[in-house]
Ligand code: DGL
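Below, in structure tokens: the form predicted alone, a single chain.
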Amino acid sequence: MYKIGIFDSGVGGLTVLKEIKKATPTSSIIYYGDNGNAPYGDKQEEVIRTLCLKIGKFLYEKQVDVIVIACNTATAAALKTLRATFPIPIIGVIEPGVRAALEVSENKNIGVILTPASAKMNAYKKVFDKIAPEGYTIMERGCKLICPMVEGNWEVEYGTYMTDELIKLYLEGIPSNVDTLVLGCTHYPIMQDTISKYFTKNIVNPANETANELMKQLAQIKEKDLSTGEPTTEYIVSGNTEKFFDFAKNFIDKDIKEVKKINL
């Protein structure tokens, strides 16, 4: 049985957790949602990196076998630093997303919607430039309000009209020749049904490929004999527990019993 640490700025990483649970249902998981400091998307890179180091240390001390940064902004800001700091595999979500987009794009024009911080760091473009064959193009579109919209559950608070109009506005900035759209924030797949109303071509959710990358890493690690005998999922947040509990119960885990609050 493996022990996996996953973290995000809030509920978005649950989209990655969902795919990981499918890929390795016998593993135990510790999920840390830093909703007390959310959103990461409008913070400075150094601030994000400091937050990630604290969470990485917390998960490492929990003796996880691998850490998944289930946040695109955190991956862009802190992946290299975490890999240099902790002697276990650290997996990000950006490169798996780029690879998936390259596989499905037919006309070689790829778009990414992501947080302003990720866009400022050229999060996807940097990876794209390293691994994409010649002839491919990529454009990034920063979307400031989608992550806060998901965290605040605007559809419940304000109805679907506002969320639809906001997403429509952001997607109007995507060039018409783009045939593949990467959801470059793990919060965005939660809104995929709405996004698909206004972008009707290929949509890539990096969570699927991230789970595949995790399985490759786990294959190289010797499994632990955990004393519980049964896989467990532990949910921890830095902020509001009630909203997270309700979201997690509806989205991924109807049997969730508890969300702990630990502010690092």
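Numbering starts at 1 and runs along the sequence shown. Quick caveat: nothing in here was measured; it's all calculated off a predicted structure.
One more form of this protein, predicted together with this ligand, exists but is not displayed; see below.
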{"item": "Contact test in the predicted complex: Gly56 vs this ligand, heavy atoms, 4.5 Å", "value": "no"}
{"item": "Tyr235 within 4.5 Å of this ligand in the predicted complex, heavy atoms", "value": "no"}
{"item": "4.5 Å heavy atom contact, Val98 to this ligand in the predicted complex", "value": "no"}
{"item": "Tyr40: touches this ligand in the predicted complex, heavy atom cutoff 4.5 angstroms", "value": "yes"}
{"item": "Segment that reaches this ligand in the predicted complex - one of 239-247, 8-16, 252-260, 21-29, heavy atoms within 4.5 Å", "value": "8-16"}
{"item": "Neighbours of this ligand in the predicted complex among 50-87 [non-hydrogen atom within 4.5 angstroms]", "value": "Cys71, Asn72, Thr73"}
